[in-house]
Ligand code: COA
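Here's a solo chain for you in structure tokens, the form predicted on its own.
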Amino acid sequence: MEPLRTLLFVPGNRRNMIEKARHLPADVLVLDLEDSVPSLEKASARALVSDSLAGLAPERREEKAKQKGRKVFVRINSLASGLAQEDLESVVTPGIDGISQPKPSSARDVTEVEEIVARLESERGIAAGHVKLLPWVETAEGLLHAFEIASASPRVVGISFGAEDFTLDTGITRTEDGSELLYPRTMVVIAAKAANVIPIDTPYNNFRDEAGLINESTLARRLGFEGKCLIHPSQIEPVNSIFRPSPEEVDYARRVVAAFEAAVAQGFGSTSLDGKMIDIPIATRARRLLMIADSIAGR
């Protein structure tokens, strides 16, 4: 599974912002039809996003000839809004990699979107299973069903935590340090890991506060998140850096793997390195870090 460190949301009604985003180094561009688009502009945004996907596809094909290209997703409106069907009909085209689905309450919400996507792939000559799904966990009910949402379909590559809607739904008061979100964040990570998909953290809304962004993103990585949703281009590089294994981490991971493999070759199930025990879980964690580093370097 390719890393999804940075997911930049771009308002689907802003042509100039979509054009600027084309050249930004986010792992995923998410063209947004939901929260950032006023109600009266939903239809025009839908048309603009559809046209933009067609324009992005040729560039991405050229990139993929050289390296793994950036992904392009679209965040549709929720099923409850009554707009999801029209959104999907407009944007499931050869230029899209995935759908970001807001506010699913259960696995059934995910499979309902999956069924529409599968039909459109078949009708439009898109390889079956190409379009992935990235549901959000942003309601109390969604959190309670996070694992079933994450495991509802083979198309699901990750789940995103949405703190603003979650705190609105639950009545929780948001604070600057985010301590009130520690439990739901942890539960989202656990659900994602249990389903073998990527957990993605909520956006940091104060895009002028780089120090705050770095602190929150560092905490998110420690909790087990593997990426973060972004609302401004200035957030891409700091977050990419935080979710990119450092040279020191890569070097240590290589030493861990080498030491463990040498121990196994001698018939031992564990060893030590720099005064610390190295066993199967620690060696496995080191291998995973090296896989992530290699995948990122391949871009």
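All residue numbers are counted from 1 along the displayed sequence. From a predicted model like this one, the values you see are computed outputs, not experimental measurements.
Quick note: we don't show the form predicted together with ligand COA, though the next part is all about it.
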Is ligand COA in the predicted complex near all of 70, 244 and 295, within 4.5 Å of a heavy atom of each? no
For ligand COA in the predicted complex, the stretch among 107-115, 171-179, 141-149, 202-210 with residues bearing a heavy atom within 4.5 Å is 202-210
Applying a 4.5 Å heavy atom distance criterion, does residue 285 contact ligand COA in the predicted complex? no
Practice task
Answer yes if any heavy atom of residue 136 is within 4.5 Å of a heavy atom of ligand COA in the predicted complex; otherwise answer no.
Solution key: yes
request  = Give a yes or no for residue 259: in the predicted complex, does one of its heavy atoms lie within 4.5 Å of a heavy atom belonging to ligand COA?
outcome  = no
query: Is there any non-hydrogen atom of residue 231 lying within 4.5 Å of ligand COA in the predicted complex?
result: yes
In this chain shown alone, the residue from 36, 240, 50, 271 with a heavy atom within 4.5 Å of ligand COA in the predicted complex is 36
Those residues of 74-104 with a non-hydrogen atom no more than 4.5 Å from ligand COA in the predicted complex are 75
